[in-house]
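Presented below, as structure tokens, is a lone chain in the form predicted on its own.
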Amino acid sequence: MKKIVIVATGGTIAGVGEKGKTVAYHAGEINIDDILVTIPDVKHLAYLEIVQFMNVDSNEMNPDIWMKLSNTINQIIKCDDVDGVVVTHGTDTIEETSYFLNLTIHSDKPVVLTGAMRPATATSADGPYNLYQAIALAANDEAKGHGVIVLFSNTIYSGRDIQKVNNYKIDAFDQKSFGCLGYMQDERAYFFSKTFKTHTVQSMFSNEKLEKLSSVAIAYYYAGADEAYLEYLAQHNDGIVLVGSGNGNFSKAWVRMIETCYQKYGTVFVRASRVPLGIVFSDHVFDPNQRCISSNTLSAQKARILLMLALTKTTDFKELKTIFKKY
């Protein structure tokens, strides 16, 4: 029987509210052991070891916690008797944590994140079944080599591309235009696709203990957005991800301020889009001075994570562009 380590961080899956209700609850209130009691059949899937890493709402996640979590999982998963890891996590920021781990875990063993949209005290809570399937997936040999993955509502997602698309339904995630990696039927996994972007053991960010990340902010563009905000952010950060309209577009005033920040502070800029689907390419019209790196298919929040890691390796513009194409 496989050995799977569950690293619990809290979230709605560990949430407590008014009995039977699905809203107005507090996330991260009960321990993972209390959830496992509700799914006794899980003992047939794998031998389980529990690590209660923390117990919070996922909005409390931050870069320092990401690094500690990644370092902890890397220590766990390098043990010969460990076959995989399951991380329970809140859904609000699971897409960010999954991508960070996808870039920083140095193993091809399965690392599976899961959570819930309904608290543990709700009628027909979805957390126990998601956890059951996540454990089954982590114990499946076919889950190796796919990078960090997320299991939610019978669906297997790539940690790089998963995105929360609904804040109410239990089927709350999608993978943009790429489809999913596969599906679960009870404890059985069916893979149909894979990600071709660099991750885990091939990642340049996964072969060392993480201690510090570069500071990167996100600036959201809207009609009439004040460009002065960019300079404020540039004064306090190494990089800025711009959430532009359309193909990562913005006003001429923003173009001028981007150039000013680059000249004064050496700020590294990445262009992302507020549009959920599509791709951001380089654009010599909206970025005439070519000061911005294209986020490609990464959301702004994931582009921020990649830039935070990339800037610890290099500040060379061409090298950073190559990293964004590779990852």
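What you see is a predicted model, and the numbers here were worked out from it, not measured in a lab. A residue's number is simply how far along the shown sequence it sits, counting from 1.
Form predicted in complex with aspartic acid: not shown, discussed below.
Taking a 4.5 Å heavy atom cutoff to aspartic acid in the predicted bound form, the contact residue among D108, D174, D92, D238 is D92. This chain is displayed alone, yet in the predicted bound form one of A116, L113, L242, A138 has a heavy atom within 4.5 Å of aspartic acid; that residue is A116. This chain is displayed without aspartic acid, yet in the predicted bound form the stretch 58 to 66 from 58 to 66, 37 to 45, 268 to 276, 288 to 296 comes within 4.5 Å of it by heavy atoms. With a 4.5 Å cutoff on heavy atoms, V280 does not count as touching aspartic acid in the predicted bound form; it lies far away. Aspartic acid is not shown here, and in the predicted bound form it never comes within 4.5 Å of any heavy atom of C261. The closest non-hydrogen atom of I32 lies beyond 4.5 Å of aspartic acid in the predicted bound form.
Counting a residue when any of its non-hydrogen atoms is within 4.5 Å of aspartic acid in the predicted bound form, there are no hits in 241 to 275.
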